[in-house]
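Have a look below at one chain only, the form predicted on its own, in structure tokens format.
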């Protein structure tokens, strides 16, 4: 994968549109899922994906090939999500609880190659509880937990993406886990 990324990146730097299109294909779903998990809004997640690839395209000449391409693109996507979260005003709505109709939530609407209506309905209650708990985390813990457990990045990769020391990432993962343990303990 890394070798493929490196070749595609070098070709894209030379102006090869097909190579850049391949990079988009490799990462569009991953960035979408990251953005959706952080923003909980399909339209905003789609906007973040577009903006991420626009920034990658415009700044491809700034890419440092000594670091992994995935780290660089995740950093761009994560920063765009964090910017959007900062700009949001807290919204308090009495209708917010209506999203929990019959155990179906926004996560079951995430597009996937193999998802059918039947499999959407078969999402486990435990998975829904965990997603809800992750959503309730403060942003600084939520981004780390999503990158660690939903995107399967290593602590070092998260450190690179968020531009923070690994020790800070470890602390946030630990505190995020503690928060989830307290939140989910009575429910599981």
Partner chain sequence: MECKLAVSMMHDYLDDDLPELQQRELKEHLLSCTGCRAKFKELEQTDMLMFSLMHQTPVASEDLVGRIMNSLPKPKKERAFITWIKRHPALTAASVFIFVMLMSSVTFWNQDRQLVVRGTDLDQVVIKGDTVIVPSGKIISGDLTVENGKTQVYGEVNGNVTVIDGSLYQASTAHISGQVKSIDQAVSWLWYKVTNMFSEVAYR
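The term rigid core refers to the most C-alpha atoms you can superpose between the two forms while keeping them within 1.5 Å. Numbering follows the first chain given and starts at 1. Just so you know, these numbers come straight off a predicted model, no measurement behind them.
Although it is not shown, the form predicted together with its partner chain is what the next lines describe.
Relative to its partner chain in the model of the complex, residues 127, 134 and 150 are all within 4.5 Å by at least one heavy atom. In the model of the complex, its partner chain sits beyond 4.5 Å of every heavy atom of residue 168.
Residue contact with its partner chain in the model of the complex: residue 181 places a heavy atom within 4.5 Å of it. Not displayed here, its partner chain is kept clear of residue 162 by more than 4.5 Å at the level of heavy atoms in the model of the complex. Its partner chain is not shown here, but in the model of the complex it comes within 4.5 Å of a heavy atom of residue 42.
The partner is not shown here, but in the model of the complex the stretch 31-60 reaches within 4.5 angstroms of its partner chain through a heavy atom at 32, 33, 36, 37, 42, 46, 49, 50, 53, 54, 57, 58.
After superposition on the rigid core, the Cα of residue 166 moves by less than 2 Å between the shown form and the other one.
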